[in-house]
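Let's start with one chain on its own, the form predicted alone, as structure tokens.
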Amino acid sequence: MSKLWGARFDKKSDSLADQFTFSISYDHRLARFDVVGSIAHAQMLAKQGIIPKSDAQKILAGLKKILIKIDLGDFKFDAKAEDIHTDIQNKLKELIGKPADKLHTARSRNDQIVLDMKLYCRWEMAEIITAITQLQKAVLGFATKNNDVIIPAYTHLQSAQVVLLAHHMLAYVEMLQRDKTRVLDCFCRNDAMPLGACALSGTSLKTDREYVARLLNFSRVANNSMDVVSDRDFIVELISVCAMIAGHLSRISEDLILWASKEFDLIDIDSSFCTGSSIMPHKKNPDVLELVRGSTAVVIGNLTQIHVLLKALPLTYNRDLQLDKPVLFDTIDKTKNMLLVVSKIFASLKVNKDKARLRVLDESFFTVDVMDYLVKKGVSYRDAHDILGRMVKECLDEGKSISSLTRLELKKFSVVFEEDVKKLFNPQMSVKIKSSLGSTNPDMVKKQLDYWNKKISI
């Protein structure tokens, strides 16, 4: 198979060198974007009179035939081609003959691959945003269906206060929304059209880069030809955002893994997303969520890998940059798969409501509410904290519950205590009395559910 640069050399490259340097085994997934970029480039060459319009028409007809094959899944890449650019160039020549040799006028593989990667990233960013939205919808559906369920909330993985399960789910929705805005931010840095920079210095041919940018829906043309052929910031940024997404999915997975354990027993994960044990027949293991958690390590590792790959590379293009693709492709695949599988898990997730009711009866959940009761009666926050600390210690030492204390026993800790304080030892009351914006108050949570259900459905 001929190489685009072969005429310079007097012997064939070593087969091991070919095996080591060829990228067609993974960059073939850029085929569609390579053809789309080439179509725009050929249109520009014809418009500017750089190649005859008759040749351009043949090139465009051939490229469109190749694109149709790609979109139908009929494109068969040649494993012996050096890269996807060479493969498409060779296939085009098989289709239309000599005019195909004019397609590569006024461009290099250096600017061509940056264009391919930018188009690919743009496509995948849209896919990721769609997948995040799908997960948000699944989480909101689960939250809405269980909007009256109260669960324990934790700090330091120790029981802290009670919250509505829907409030906890809304925290996930907020996390994921920030991820969407980060993906959208990536579009900004991706949005400079690189084609026409050629190898590194531009070209003396009278190209129209702005025209190509318009054809490919870029808002601007990259300003510096040296920078653009060596720029992979947009890839680093997208992998970084994916690492953030994966980190959030790992945290969500960890919550669900804990809640599904017998010790928590708050949820039941559908069996279709669990596995069993080869030795313990009773086991129902949340393996899928564990692999989401584990895949996060791979994505974060990919981010480290791309940073190290780019470290200390001199301007401009270096062949090291070929290796940006495997880490990007792997990151994109894992991120989308994690988003989709977690969406499916939420769609079939069930709450053990009876267990949840029992878990929120512990009076320690309501000590902050009693402190607020004292503060409302004029006790300083510090004094209220000390009063509750002494009450908790004494009740623990004597095996009593705070709610069982008599009025006189309560007065011993503070004269402002009255019997009405006992109504606070109730999970429904605890969430109801929260009044700060963004709190777990049922009315506020309902408004947030309504807001997000409307926003996500748009």
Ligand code: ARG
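These figures come from a predicted structure and were not determined experimentally. The numbering used is simple: start at 1 and walk along the sequence shown.
The same protein also has a form predicted in complex with the ligand, omitted here; what follows describes it.
For the candidate set 322, 348, 285, 201, a heavy atom within 4.5 Å of the ligand in the predicted bound form is found for exactly one residue, namely 322. Only one of 109, 248, 359, 168 lies close to the ligand in the predicted bound form, with a heavy atom inside 4.5 Å, and it is 109. The stretch among 82-90, 176-184, 364-372, 234-242 whose residues place heavy atoms within 4.5 Å of the ligand in the predicted bound form is 82-90. Relative to the ligand in the predicted bound form, residues 23, 27 and 317 are all within 4.5 Å by at least one heavy atom. Using a 4.5 angstroms threshold between heavy atoms, residue 338 stays clear of the ligand in the predicted bound form.
The ligand is not shown here, but in the predicted bound form it comes within 4.5 Å of a heavy atom of residue 113.
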